[in-house]
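Shown next as structure tokens: one chain only, the form predicted alone.
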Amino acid sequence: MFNPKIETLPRKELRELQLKRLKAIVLHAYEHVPFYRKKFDEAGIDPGIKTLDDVTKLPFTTKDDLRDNAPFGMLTSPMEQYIELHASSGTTGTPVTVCYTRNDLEVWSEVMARCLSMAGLTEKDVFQIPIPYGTFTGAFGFHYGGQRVGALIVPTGKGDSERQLRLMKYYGTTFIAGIASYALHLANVAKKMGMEPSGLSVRNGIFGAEMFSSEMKRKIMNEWGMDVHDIYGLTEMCGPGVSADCDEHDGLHLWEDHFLAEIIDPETGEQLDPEEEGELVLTTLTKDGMPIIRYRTRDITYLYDGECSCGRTHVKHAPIKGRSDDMIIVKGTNIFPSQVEEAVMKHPEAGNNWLMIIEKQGDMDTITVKVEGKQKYDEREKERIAAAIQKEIRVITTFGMRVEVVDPDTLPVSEGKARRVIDKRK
């Protein structure tokens, strides 16, 4: 553990710390952010918090609220107090801008160091970061956290997969971070270069920025011969670092001393109980430069009931199933792309890349899933593989989809978040 005292803090003390910080941050937001003052006053809400349950009386904050007050309307302090700016990748619309005070960066480094240590990073590691360095938070979060742990950072940045692999071999990289789909892409490129990914020195990896299924995680582990951890975060909170999974690989520990988590019904906004699936809502507890109260993440998950055998007392949430605004409704059936990915990745003859195309034929919605084969197959083999994947998709989603197996390297590849769904109905 990076910070054993806090990571194993008894639940009663953790809740007391949360309440102390919630009281302070809500009052801070009310006094220094015009948006919150207006919203609280219009709703007749007293910013004086008495219990943690009082959080349900506070209004939600949405991505549209942040956009409407962009770029600097949500800040609490004069601009000279801020030393860094980042922005969301804009995958669901206009990027959201977030500014960091020196304290905010300290907090970010701390939670990232906890996540990375939980994934096995130590000061003995050579830590390669094949993520774009820019306004996107990803690379900087891993960089700051890795430095806090004391690992040797190799900031290779975006792209040029062959160069990434050559540097991995040259420097003896032992730990990597980034996007799960890119890890599989690197494995494919390595094989074309005559390298076996598992023959490199990489023994640990931590991946986030996009949902990835347990089947994809297993595939990465098999391709690279490494342990794989999941990390969750979002720009509005800090970037990556909100939570990560421990070696139990059963849910992600969410750092409750810095974030207050709730699960709500996406339709009604009502708070749900542990183990009930819904939308994750987060409140920053220590972000003094740009506090965010009850932020609707749109990410679908649930909170575990009970503590983890790893010894950490911070609550766990299930891996993100999908986004409430990314859920696809076809013929009245709710489908998440992650469910299709799970079915595809289960098949040993399927490659690492796939695409889901939704079209309207007459009055009917249809879905075609294109899957790259692990190698070139003849037509009979393609039909056999497609039928098996089609059957697995129906088991998981209860929906029939057409599956088409294509040759390797024929579907689009992204070095950022993979774009898996093309909806032609819109």
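All residue numbers are counted from 1 along the displayed sequence. The model shown is predicted, which means the values in this text are computed figures rather than measured ones.
This next part talks about the form predicted together with a small molecule, which is not shown.
Partner contact region in the model of the complex: 133-141, out of 339-347, 266-274, 133-141, 160-168, criterion any non-hydrogen atom within 4.5 Å of the small molecule. Put simply, of A261, I231, M226, I292 only one has a heavy atom within 4.5 Å of the small molecule in the model of the complex, and it is I231.
Listed residues D104, E279, D257, E236 were compared with the small molecule in the model of the complex; E236 is the one with a heavy atom within 4.5 Å.
Interface residue remark: I320 is counted as part of the site for the small molecule in the model of the complex, having a heavy atom within 4.5 Å. When contacts are judged by a 4.5 Å heavy atom cut-off, N188 does not count as touching the small molecule in the model of the complex. Although the partner is absent from this view, G208 contacts the small molecule in the model of the complex, with a non-hydrogen atom inside 4.5 angstroms. None of the heavy atoms of T301 is located within 4.5 Å of the small molecule in the model of the complex.
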